[in-house]
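Included below are C-alpha cells for two forms of one protein chain, each presented in isolation as structure 1 and structure 2.
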Structure 1
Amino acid sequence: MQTIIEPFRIKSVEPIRQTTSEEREQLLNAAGYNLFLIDAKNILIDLLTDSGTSAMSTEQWAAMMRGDESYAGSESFYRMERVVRDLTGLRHVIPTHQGRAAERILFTVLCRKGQVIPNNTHFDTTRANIEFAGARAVDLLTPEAADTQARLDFKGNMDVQALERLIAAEGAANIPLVMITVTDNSGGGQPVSMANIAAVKEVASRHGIPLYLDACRFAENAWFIAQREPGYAEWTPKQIAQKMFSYADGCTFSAKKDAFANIGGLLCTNDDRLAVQETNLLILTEGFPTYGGLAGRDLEAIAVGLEEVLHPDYLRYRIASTGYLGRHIADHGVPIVEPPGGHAIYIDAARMLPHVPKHQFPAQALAVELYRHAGIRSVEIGSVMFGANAKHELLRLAIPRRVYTQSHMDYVVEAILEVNDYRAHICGLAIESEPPFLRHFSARFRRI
C-alpha cells in the first residue's frame, strides 16, 4: 500500500478559521510583516514550528490526571526521571520549563568569555545563549551540506576534520564542550549518522572535551539511522537512541519536540560536580529540582511522550508524511533542501526568488506571501534569523506532530505551487526595527 495513513484516530477537534486575502493583507501590515506577530486565531495552517504544538495522546492525558503537584519530591518527577535515565543512560536529570532554559543553565555554568562552542549547526536560541554568555558559537557542518540540492543520507554530520583543526587552533582548554544537534534543524532537519557521532566523540574524548547532544529530535534521527545506516536495520528506534546517547556526556532537550509535550525541557549530565552547579542555578531561576518550572502533569506527559515517540508505526508515518509534502512540491519545481528532513520541509528561497537579494530577505518575503495567499504560517531560517552567520536563505515548513491530516498537506502543496507560479512578482523586505537578540521574533519589516 502506498497511501500514508495517520496511525491514530481523531478524538477531539479544534476549529480553524478561514480568512480572506484582504483580511490577511491588513493583518500583515499591522504585524510589520512578521508572522510571529499575527494572532494564532488568524492562521489557517500553522507550520511556524513543531515546538510545543503536538497533539497529545489519550495515554498522555490520562497520565496528566495523576500529576503530583508537590513542590518537593514529586512522584511525577521520579517517573519521568526513570524514563529519561533508561533512554539516555545519564545519571543527572534536571527538568526545565523548556529547551532554551536548559541551554541557558548549561552555557552559564560552562562557558566563559572568549571560549568557543562547536556544533554541526547551532539553532537560534542555542547560538543566542552561547553569545549571551560571552562565548562564540562555531558551525562545523559537513561541507557536502552546502549544496541544498545534494541528496545525501546524513547531511547533518559534523565535519570531524574541521573539529580537529578548531581544537588545534583554539586549544582544548578554550572549548568547554562539543555539541551535536540531532537532527540538524538549521540545516534542513537532516540526520546525523551513528558513525559521525562516534567519530566526534573520539576526537572530543582524546582532547578531554565533553560531548553534548542537542537531542530535541532524537527519535527522528534514530529512525533515519535505522533506514539509512548499514548495520542498524534490525535495531529498534529505542535501541538506536540509547546507543546515540551512550556517546554523550550530557544533553539538552526540548520536550516540546520529540516528547509530544506542550511545554518542558531537560538538562542531563554524568558530571556530578557540574550537576550541583546546574541545580543551584536551576533553583535560583527555574524552581526546585523535582519540578524545574513545570507542573507535575507536564512531567507525566513528558514521561509518556518519550516512550510513545519511539513507536515504529509513529516514526514511519512521521517521516513519510514529511517526505510526502517535500516530494510533491519538489517534483513540480520548488527547490527544497534535499532530501526531505524529519520534522520540516525547507524551501531554498534564494533559488526560488533569485530576483530578491539576500539583504532583502527572500525567505521572509516568501513566508509573507504564503500567508497572504493561503493563510499558512511558516518561518524564515536565513539572514533574518542568523544575520551574517546565515549559510542559506530557507523557508521552514515545520509540521506539528499528530495535528494535521494528509488533506491539510495537500492544501499546503497546492498553495505553494500556486505561489511558485507567480514567484517573479514577489518583492523583498527591509527591516524597520529590531531587538538586539533573536530579532526574528519581534522585528518589523516594510515591503520594498
Structure 2
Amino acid sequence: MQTIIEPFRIKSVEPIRQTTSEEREQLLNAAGYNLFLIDAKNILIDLLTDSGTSAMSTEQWAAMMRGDESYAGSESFYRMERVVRDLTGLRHVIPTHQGRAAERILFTVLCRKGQVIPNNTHFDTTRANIEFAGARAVDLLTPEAADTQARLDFKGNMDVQALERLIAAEGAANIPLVMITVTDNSGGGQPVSMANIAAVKEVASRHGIPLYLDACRFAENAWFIAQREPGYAEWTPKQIAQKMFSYADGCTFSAKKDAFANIGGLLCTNDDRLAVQETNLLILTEGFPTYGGLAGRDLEAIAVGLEEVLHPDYLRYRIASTGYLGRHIADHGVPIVEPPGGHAIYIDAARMLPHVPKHQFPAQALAVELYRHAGIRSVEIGSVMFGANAKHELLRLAIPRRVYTQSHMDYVVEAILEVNDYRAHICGLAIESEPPFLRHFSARFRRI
C-alpha cells in the first residue's frame, strides 16, 4: 500500500468557510495586505502556524475532565511530571503558560549583561528574551544549510567548530549555556542528528557549560533520526527522544507543538540551585510550581499529548504529509527549502518571484496572492519579519497537527501550482505604515 492515511478518524468537526476571491480582495484591502489582520473566520486553510493549533484526541479530552484544579499539589501536575521525567530524565519540571515564559525565566536567572548564548538558530522569542536580559544571541548553524536547495539529512546541525571558536574567543565563563533547537524552526524545520547533539555536548561539558534543548518539536526530530541516521532504524521514537534528552542539562519546551496542547510550556533542569531560583520567579509571574500559569486540565492534555506524539503511526503520517506537500510543489517547479522539514514547508519566494526585488517583499507578496487566490493563510519569514537581517525571503506553510486531511493538502498543492503558473504577474508591496518593533504583526502595505 502506497497511500499514507491519517491514523485517526474524525469525531467532532469544525466548519471552515468558503469565500470568493472578490471578498478576499476586499478583506485584503481592509487589512492592509497583512494576513495577521485578517480574521480567522475568513480563512479557509490556516497554515499560519503549527503552534497551539493541534487537534486534541479523545484521550486528551477525557483526561481534561480529570483535571485537578487544586491550587497546590494538583494530581494533574504529578501525572504530567511523571511523563516528562520519564521522557527527559530531567528532575525539575516547571510548568509555564507557553514556551517563551520558560525562556524568560531561564534567561533572567542564568544570563548576565554582555554574555553570549549560542544556538543552531534561535527562534525569534528566544533571541528576544536573551536580548531583553542584556545578553547576545548567536546562531551557529552548519554552513551546509546556507544552500536552500541542498538535499542533506541534518541541515539543523550546529557548527561544532564554530562553537569551539566562539568559546575560545568569548571565554567559557561568558557563555552561561549552549542551546540546540530541535527541529530548527527558523532554519526550515530541519532536524539535528544525534551525533551532532553528542558532539555539542562534548564540547560544552569540556568547558563546564550546560547544554539545553529547545525541544518544541523533539518527536519530529526523533523520527528523522530513526529514518536517516545510521544505527537508529530499530529504535522506537521514544527511545531516540530519551537519548536526545540524555545529553541535555535542561530544556525549554512549548507544549503548543509536539504535545498537541493548545497552550502550555515547560522549563526543565537537573540543577537543584537553579530550580529554586526559577520557581521563585515562576511564583512571581506565572503561578505556584504545581500549575505555573496553566489549568490542571491543560497539564493533563500535555501529559497525554507527550505520549501520543511518539506513536510511530502518527509520526510516519505527520512527516509523510509534510513531505507530500513539499515534494508535490517542488517537483512541479516551486522552489522550496530542501529537503521538506517536519512541521512546515518553506517556499523560497525570492527564487519563485525573481522580478520582485527584496525591498518589495516577495514572500509577503506571495502570501497575499495565495490568500487572494485560494483562501490559504501562510506567513512571511523574510524582510518584513527581519528587516535588513533577513537571510532569505521565505514563505512558511506550517501544518497544524492532525487538523487537515489529505484532500486539504491536495487543495493546497493545487492552489500553489496555479499561483506558480501566473507568478510573473504577481506584483510587489510597499509598506504604508509600521510599528517601531515586531512590524510583521501590524504593518500595512499597498500593492505596487
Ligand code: F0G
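Between two forms, the rigid core is defined as the largest C-alpha subset superposing within 1.5 Å. Here, residue number means position along structure 1's sequence, counting from 1. Treat the numbers as computed from the prediction; the structure is a model and nothing was measured.
The first of the two structures is the form predicted alone. Put the two forms on the same core and the Cα of residue 436 is off by 2 Å or more between the two structures. In the core-superposed comparison between the two structures, the C-alpha atom of residue 405 has shifted by less than 2 angstroms. Superposed on the core, the two forms differ at residue 388: its CA moves 2 Å or more between the two structures.
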